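Given as structure tokens, the chain that follows is alone and in the form predicted alone.
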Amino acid sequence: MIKTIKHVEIQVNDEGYLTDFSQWNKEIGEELAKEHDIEMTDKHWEVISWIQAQVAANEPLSIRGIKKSGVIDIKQFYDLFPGGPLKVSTKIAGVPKPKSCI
């Protein structure tokens, strides 16, 4: 499926996750965040960078992993990305939906 963000066409799956990470940039991430009523802050970007690094290293993502990351605590994670923090944050990060998310 093709989605247009800021006049740029990106490939997404039926859940809205990018299917080609090379199409991601910070502007795309900001627009994806706006779809979830999230205004990105430095802390959001810190989490997004950590998530992208984990995926690049083929590390599985989970809420427990976020907790152990030292980047953010669970309460803050839920506050920053309401409505399914791991699902929402990975979508903004342009990485595949974690297997731990249903």
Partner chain sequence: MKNLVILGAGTSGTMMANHLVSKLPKKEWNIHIVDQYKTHYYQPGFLFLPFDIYTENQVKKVGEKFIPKGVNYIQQKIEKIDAENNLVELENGTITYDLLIIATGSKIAPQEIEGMLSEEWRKSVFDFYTYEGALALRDKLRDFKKGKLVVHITEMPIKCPVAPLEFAFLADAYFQKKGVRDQVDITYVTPLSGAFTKEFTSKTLKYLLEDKNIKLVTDFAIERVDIENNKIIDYADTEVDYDLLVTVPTNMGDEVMERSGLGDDLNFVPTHPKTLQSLAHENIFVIGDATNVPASKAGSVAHFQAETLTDNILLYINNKPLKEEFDGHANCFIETGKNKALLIDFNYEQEPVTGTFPFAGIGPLKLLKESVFNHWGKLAFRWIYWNVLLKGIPIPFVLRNMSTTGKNINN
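Positions refer to the first chain, counted from 1. Nothing here was measured: the structure is a model prediction, and the numbers come from that model.
The same protein also has a form predicted in complex with its partner chain, omitted here; what follows describes it.
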Given its partner chain in the predicted bound form, answer whether the residues 2, 27 and 44 all have a heavy atom inside 4.5 Å of it.
-> no
With heavy atoms only and a cut-off of 4.5 Å, decide whether residue 34 touches its partner chain in the predicted bound form.
-> no
Using heavy atoms and a 4.5 Å limit, would one call residue 40 a contact residue for its partner chain in the predicted bound form?
-> no
Counting only non-hydrogen atoms and a 4.5 angstroms cut-off, does residue 95 reach its partner chain in the predicted bound form?
-> no
Indicate whether its partner chain has at least one heavy atom within 4.5 Å of a heavy atom of residue 11 in the predicted bound form.
-> no
Going by heavy atoms, what in 39-56 lies within 4.5 angstroms of its partner chain in the predicted bound form?
-> none
